[in-house]
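Heads up, the chain below is alone and in the form predicted alone; it's given as C-alpha cells.
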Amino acid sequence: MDLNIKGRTALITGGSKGLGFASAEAMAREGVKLALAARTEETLRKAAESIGAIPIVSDLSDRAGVLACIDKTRDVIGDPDILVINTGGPQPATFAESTPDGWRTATDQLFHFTIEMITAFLEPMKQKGWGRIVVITSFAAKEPVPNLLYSNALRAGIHGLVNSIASEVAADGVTINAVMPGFIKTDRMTSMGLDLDRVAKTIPAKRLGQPSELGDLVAFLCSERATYINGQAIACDGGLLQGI
C-alpha cells in the first residue's frame, strides 16, 4: 500500500532504537525525509546512517535540550510535516515511593516535553494545511501497571491532551493521535527484569510484539490513508486491552 507521504519531512524523538527507530524505518521505506533525535551520539549516528536519516544529537531531559533540538530540526529539515513523539518511561515507583521531585522529573520528561514539541511545530502544520502528530504512550495509560505510577498517571493525561488538541485542529488538515504499545520486545522491556515467557502467556496473541508492528501503525497514522483518524488512542498490544 502506498501511503503517499514520499517527500514529506518528519522528526522522530527517541529515534535511535526501539519503537522510535521502528517508526523511522517504516517511514524511510515510504520515502520520508527523516530527522532522528536522541541523546547517545554513537547509537544515533549508526541508526540514522542505516536508513538515510539526519541525526540530531540532543539531551531531551531538560528544556534547554528540547529547545536546542527544535532549533536543530528547523536547520536541517525545516518545520516538519510529521512529528512522532517517543520518550523513555520515568523511573518505576509506587505511590508510597513517589516524591515531589520524582513527580516533577517525570512530568518534565513526559508531559512538558510533549507540550513543548507540539507547541513548536503545530502552528506551521496548520499554516500548511497538512500535518501529522503521533505520540507513543503505553497501554499503561488505560490499564495501570503495578510499580509504574508516574507513567500510569502522566500518559493518561497525555491522552487527554491529544483529544483536546485534535478537536481544535481537525479542520486544519492536521491529525494528532496516540498509540499504545503493549508488551513489545525492546531493550526497555528486557531491562525491566520481567519473566517474558510468563508475560507472553497473559497476551491473547501468546507472544510479545515486534517493534516493526508498532512502527507500521505509526507510519500509517502519519499517511494520507489516515486523514479521518484523529484524536484517538490506538493500542498495538496483541489483544491485551479488552473492552477499555
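Throughout, we count residues from 1 along the sequence that is shown. All of these numbers come straight from a predicted model, not from anything done at the bench.
The same protein also has a form predicted in complex with a small molecule, omitted here; what follows describes it.
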The small molecule in the predicted bound form has a heavy atom of only one listed residue within 4.5 Å, and of 60, 53, 217, 32 that residue is 60
Please pick, from 184, 48, 178, 26, the one residue with any non-hydrogen atom lying within 4.5 angstroms of the small molecule in the predicted bound form.
184
Quick check on residue 212: any heavy atom within 4.5 Å of the small molecule in the predicted bound form?
no
With the cut-off set at 4.5 Å between non-hydrogen atoms, does residue 157 touch the small molecule in the predicted bound form?
no
Under a 4.5 Å heavy atom criterion, is residue 189 part of the interface with the small molecule in the predicted bound form?
yes
Partner contact for residue 202 in the predicted bound form: the small molecule, 4.5 angstroms, heavy atom
no
Just one of 81 to 89, 159 to 167, 116 to 124, 97 to 105 has residues with a heavy atom within 4.5 Å of the small molecule in the predicted bound form, so point it out.
81 to 89
